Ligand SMILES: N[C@@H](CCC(=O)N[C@@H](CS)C(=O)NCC(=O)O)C(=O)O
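In C-alpha cells, one chain follows: the form predicted on its own.
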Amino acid sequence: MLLSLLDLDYETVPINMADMAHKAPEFVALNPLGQVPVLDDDGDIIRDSQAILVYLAAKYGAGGWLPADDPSALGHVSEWLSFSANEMLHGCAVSRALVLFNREGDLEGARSLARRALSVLDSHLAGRDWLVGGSPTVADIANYVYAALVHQGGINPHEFAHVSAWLGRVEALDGYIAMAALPAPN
C-alpha cells in the first residue's frame, strides 16, 4: 500500500503460502525466517512489514511518512509500529487467520485481544485524524491493514466510531489502492 501511496513503480511476486513456498530454500535465502513480506529494492533485501515501511518512508517519502527530524514524533511512530506488531497482530491478525485458514487456536481470546486493541486505537483517535501529528505516517499504514481486515476474523471495525472514521481517511488518501477484502465492509 505504501508503495502505491508513494507513487512508486513496483512488481509484486505472489507467494503460495498454502504450498509452503515461503519455506522453500530460494525464499528462505531472502528471509531466513521464511515469512512474508520481503522487499527487494535493487538488491537491498528488507524483511518484516514495519521495517519495510520505515525503509520506504526514509528512502522515498521525502520526510512525509516518517518524521525523522522530530525525535518525539518519531518515538510515537515507533510506539504505534510496535503496537501494530504486537497488539494488532495478536488480536486482529490472529483472529483473522484462525477464521480464514481454519487454524486451531483460541478464537474468542484472539477476538478479545482484537477488541481491546481496537478500543485503544479508538480512544487515541478521538479528536485527531492520524495516529501521530497532523498527517499520515507509516504508523497509520501499519495499523490500518490489521484494523481494516479484522472483519475477516468476525469483528466489525466500524463498531469503533473513531477507528471507522480513520479507516475512511486512509482510504481517501491519494494513491490508496483497495486490496483483497479491503476496504472493510461497513
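Please read all numbers here as calculations on a predicted model, not as lab measurements. One-based numbering along the sequence shown.
Omitted from view is the form predicted in complex with the named molecule, to which the following refers.
Only one of the listed residues (V120, V36, V28, A58) places a non-hydrogen atom within 4.5 angstroms of the named molecule in the predicted bound form, and that residue is V36. The named molecule in the predicted bound form comes within 4.5 Å of a heavy atom belonging to D48. Put simply, M17 is close to the named molecule in the predicted bound form: some heavy atom of it is within 4.5 Å. Interface membership of Y144, defined by any non-hydrogen atom within 4.5 Å of the named molecule in the predicted bound form, is ruled out. Heavy atoms within 4.5 Å of the named molecule in the predicted bound form are found in one stretch of 19-27, 5-13, 158-166, 171-179, which is 19-27.
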